[in-house]
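A lone chain, given as structure tokens: the form predicted on its own.
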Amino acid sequence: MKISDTIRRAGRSLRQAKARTLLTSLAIGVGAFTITLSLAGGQGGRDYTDAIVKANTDVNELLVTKKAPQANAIQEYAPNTGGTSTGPLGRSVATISNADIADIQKIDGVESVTPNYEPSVNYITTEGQKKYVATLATYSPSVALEYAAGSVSGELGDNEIILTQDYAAVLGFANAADAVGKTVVINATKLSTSFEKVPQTKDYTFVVKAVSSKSGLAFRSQSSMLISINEAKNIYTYVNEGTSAYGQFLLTSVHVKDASKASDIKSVLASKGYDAQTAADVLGTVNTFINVLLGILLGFGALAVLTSVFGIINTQYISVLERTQQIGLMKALGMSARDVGRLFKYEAAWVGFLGGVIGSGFAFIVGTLANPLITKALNLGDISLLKFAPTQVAIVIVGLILISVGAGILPARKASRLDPIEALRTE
């Protein structure tokens, strides 16, 4: 008997018991729904974290810190050459000195080393407005930003600043576009080791180049205003020069010439006593968390599929019992035991196929309807957290077909071993 004829006959047999076939398919469809939706969430989550990392980090950049000394270890004192400072809770925190920066710069493949100049300032204001506490960060042209008004192409000028929408609003500008081209003043206080009655302060005037908008990806634009590295260094020097904190950095950015060599340079830095983190490290950490959640959800889906397997076995056994005379007649007319067994396996395959299509199709519909709601609720812009890959859906359906065929092996074997004479005599 041709395989195509057997498949068609299996389909006709299932149509004769539509209600039972549908209920069994729905049982396996629950597992297909859970697995498909989980895979879509995992794919969308990985794409989202990848977009976040690319928007907030540079693939050619390593964030480097000095390895902290072991607890209770006695450290040699070395003034102005980098060492340790007291951090939160009295713990020692290793710092990077100018000598360390020069040492890192000599590593083969390193293009530049930039300390983390994020100076502490007092406030920001503009003419006729109140003073507001200010937070500054350095601008990097390689990190993506979304703008509510204006834009920056290439490097940011030393007298230019990127405001956030919140700062543009409190400083009294009519809107984000109104702020572009206007001037703002940032005030900083010079730290001193002596007790001065009147501390020295200095005003820095900036022209607003652009206003960054809130984004689901570019986190660095959410709260800090951005200035050029040169201007950040100038303010940092004014604030800290002459103090013990001057020239001591907790973090530095190492820009490499070739992103593919970042991991090799990370190993070199580790051998020199530094901890380094690449964009791939950040992405790997986040994806590990996503994979754990994905594994849990897939476990629930697998449990649903396992439950449905017993339903398929039960359905197929009942089908064999109900069709005992029919099986005997088919064998008496010349149908081989192999073809009988194959018939019931194909019936199980049909159940798996229908369950996979129903479950995956329903998951696609739910995901398509839910994506805009999720995107709007989380302010993700054009990002969709549920991404359905045709290959993954096909693998789910094929996998469920194979599982269903496996579940139908025992009932198929029972049917193939029936004696035709005994089967025809069955009432």
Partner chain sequence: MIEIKSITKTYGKKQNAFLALDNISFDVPDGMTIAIIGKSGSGKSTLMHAMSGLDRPEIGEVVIDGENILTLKQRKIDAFRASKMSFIFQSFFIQPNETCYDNVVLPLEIAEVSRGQRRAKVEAALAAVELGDKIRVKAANLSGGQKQRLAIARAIVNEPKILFADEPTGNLDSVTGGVVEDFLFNYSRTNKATLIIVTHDPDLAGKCDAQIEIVDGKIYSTKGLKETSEGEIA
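Here the structure is a predicted model, which is why all the values come from computation and not from measurement. Residue numbers count along the first chain shown, from 1.
There is another form of this protein, the form predicted together with its partner chain, and it is not shown here; the text below is about that form.
Using a 4.5 angstroms limit between non-hydrogen atoms, T183 is distant from its partner chain in the predicted bound form.
Of the heavy atoms in A169, none are within 4.5 Å of its partner chain in the predicted bound form. Shown alone here, R9 lies within 4.5 Å of its partner chain in the predicted bound form, counting heavy atoms only.
In the predicted bound form, none of the heavy atoms of V292 sits within 4.5 Å of a heavy atom of its partner chain. With the partner omitted here, the stretch from 236-244, 133-141, 271-279, 337-345 that lies within 4.5 Å of its partner chain by heavy atoms in the predicted bound form is 337-345. Taking Q325, T285, Q200, S120 one by one, only a single residue has any non-hydrogen atom within 4.5 Å of its partner chain in the predicted bound form, and it is Q325. The single contact residue among A259, I318, A99, L329, judged by any heavy atom lying within 4.5 Å of its partner chain in the predicted bound form, is L329.
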